[in-house]
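Single chain ahead, written as structure tokens, the form predicted on its own.
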Amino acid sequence: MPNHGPENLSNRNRTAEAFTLTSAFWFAAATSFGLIAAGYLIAPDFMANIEYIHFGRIRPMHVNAVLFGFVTPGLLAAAFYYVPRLLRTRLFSQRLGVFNAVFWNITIAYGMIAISTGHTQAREYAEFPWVVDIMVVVCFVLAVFNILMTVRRRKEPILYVSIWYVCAAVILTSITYCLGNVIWKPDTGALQGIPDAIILWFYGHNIFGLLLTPLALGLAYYVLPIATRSPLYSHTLSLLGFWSLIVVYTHIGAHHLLQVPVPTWLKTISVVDSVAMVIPVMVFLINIWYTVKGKLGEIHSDIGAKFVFTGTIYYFFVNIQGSMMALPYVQRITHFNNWVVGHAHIGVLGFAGLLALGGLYYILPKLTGRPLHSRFLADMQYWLVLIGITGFAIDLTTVGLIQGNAWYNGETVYRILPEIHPYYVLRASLGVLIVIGAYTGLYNVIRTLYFNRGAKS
């Protein structure tokens, strides 16, 4: 079981609080952007005269707000809480951490305004203009410095696996972001032709696999053993999972390029490693599920642990789906349609998003020294998000199969649109549930942090 650290470390952790509020705010904003985008898929003229939020702009705003505004700060909030405790020391600098959170919000807000006003590099997950790219890198460098200096000052000689994951995530992402956004070319932020596609999808997968995934797994390794009062099933398996993730995930981005003229050896590596992702995923799941075996009651009673455990289940599904859709025979049906969109939602919201929310709800009572403002609202958010994302998975996967099979058999795009329109209506309806859940969570977080005079049942 991870060590809690000495009790005198219970002073208010302003860095974790700041990142918690950041995550909750941008979750509400990001889902609002997503709901607007879903509206365009039902009615293409929906608010089409408002250029700042037409589909070509609101969609990348939604994606980047979810990735950099909601999930990453949520996972970092938990990391800034548990890293000092596992190391039996204090965070190197609370002032630096709070500044990091404030600057993070300024960066994301600037990025949203830039995309909304048409200033974009027009590359997947790399839409931010060059100035915002530099600001993002600064954000990660500040986090790297604060975390590594905390590790350097530690009083605990043994590094628990969560520390490995957090350090890898922030260090590797600092490098990956620079490469993927081609920051040495401020005029374009891109290379030319196939080399740009290769480097973009190296970045496009690793911004998830080397950022969200390690942070999420590190959080699960911290929360679930403590919540269930169980020792970690195997420290050896945790390290095997860590190193296999770092080795295997790094090379799978090119499976997005099987239909384009990239070198065959690169395609082969990407497909093989995509299938091999079953190794780090199943090693982690076996380790964490055996750790909590027979303890579902304790998980259910802790709202943070319930979010986290549910996220691990989605981790299983997103891996099985991802490995399968990397196969050329499968990809001829699933590529370029809503199957991929559903896969992204399962991974980012179902896996990493639920873990981020679980981390927030787990650390909030410990940050404030008081129970959550409302356990009922937290449970309501859990079910709203769970129903929404499960519905997304089924709905978008179904739409993707309809589109892929129709195109494969020679149908044109416009002939399919009337057939899938009801599914887009269902998608937007499910999005409403998630938006309500996001705003419910924001309210609960604010009340817990600043206006919590007594907890409700």
Partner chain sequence: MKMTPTVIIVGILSLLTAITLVVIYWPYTHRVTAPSEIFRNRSPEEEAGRKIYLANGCVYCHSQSIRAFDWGHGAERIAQAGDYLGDEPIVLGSERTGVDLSQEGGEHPDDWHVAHFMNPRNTRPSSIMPPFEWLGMERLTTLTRYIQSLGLKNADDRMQRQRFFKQHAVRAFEAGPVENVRWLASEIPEGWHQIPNPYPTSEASLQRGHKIYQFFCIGCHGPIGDGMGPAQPWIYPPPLNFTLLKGRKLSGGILYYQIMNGITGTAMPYFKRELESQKIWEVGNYVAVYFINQSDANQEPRGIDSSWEPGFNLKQKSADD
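For clarity, every value in this text was computed on a predicted model and none was experimentally measured. Numbering follows the first chain given and starts at 1.
The same protein also has a form predicted in complex with the partner chain, omitted here; what follows describes it.
Engineer: Just checking whether G294 would be counted as a contact of the partner chain in the predicted bound form - the rule being heavy atoms within 4.5 angstroms.
Structural biologist: Contact check for G294: no, nothing within 4.5 Å of the partner chain in the predicted bound form.
Engineer: Is it the case that L210, even though its partner is missing from this view, gets within 4.5 Å of the partner chain in the predicted bound form, heavy atoms only?
Structural biologist: Although the partner chain is absent here, L210 would touch it in the predicted bound form, with heavy atoms inside 4.5 Å.
Engineer: Would you check, heavy atoms only and a 4.5 Å threshold, whether K366 touches the partner chain in the predicted bound form?
Structural biologist: No.
Engineer: Using heavy atoms and a 4.5 Å limit, would one call A48 a contact residue for the partner chain in the predicted bound form?
Structural biologist: Yes, contact at 4.5 Å.
Engineer: Which residue among V98, L372, L142, A197 has a heavy atom within 4.5 angstroms of the partner chain in the predicted bound form?
Structural biologist: Only one option qualifies, and that one is A197.
Engineer: Which of these stretches, 350-358, 382-390, 129-137, 116-124, has heavy atoms within 4.5 Å of the partner chain in the predicted bound form?
Structural biologist: That would be 116-124.
Engineer: Does the trio Y290, Y314 and I394 actually contact the partner chain in the predicted bound form, every residue with a heavy atom within 4.5 Å?
Structural biologist: Not one of the three qualifies.
Engineer: Listed by sequence position, which residues of 219-241 have a non-hydrogen atom within 4.5 angstroms of the partner chain in the predicted bound form?
Structural biologist: Heavy-atom contacts to the partner chain in the predicted bound form: H235, L239.
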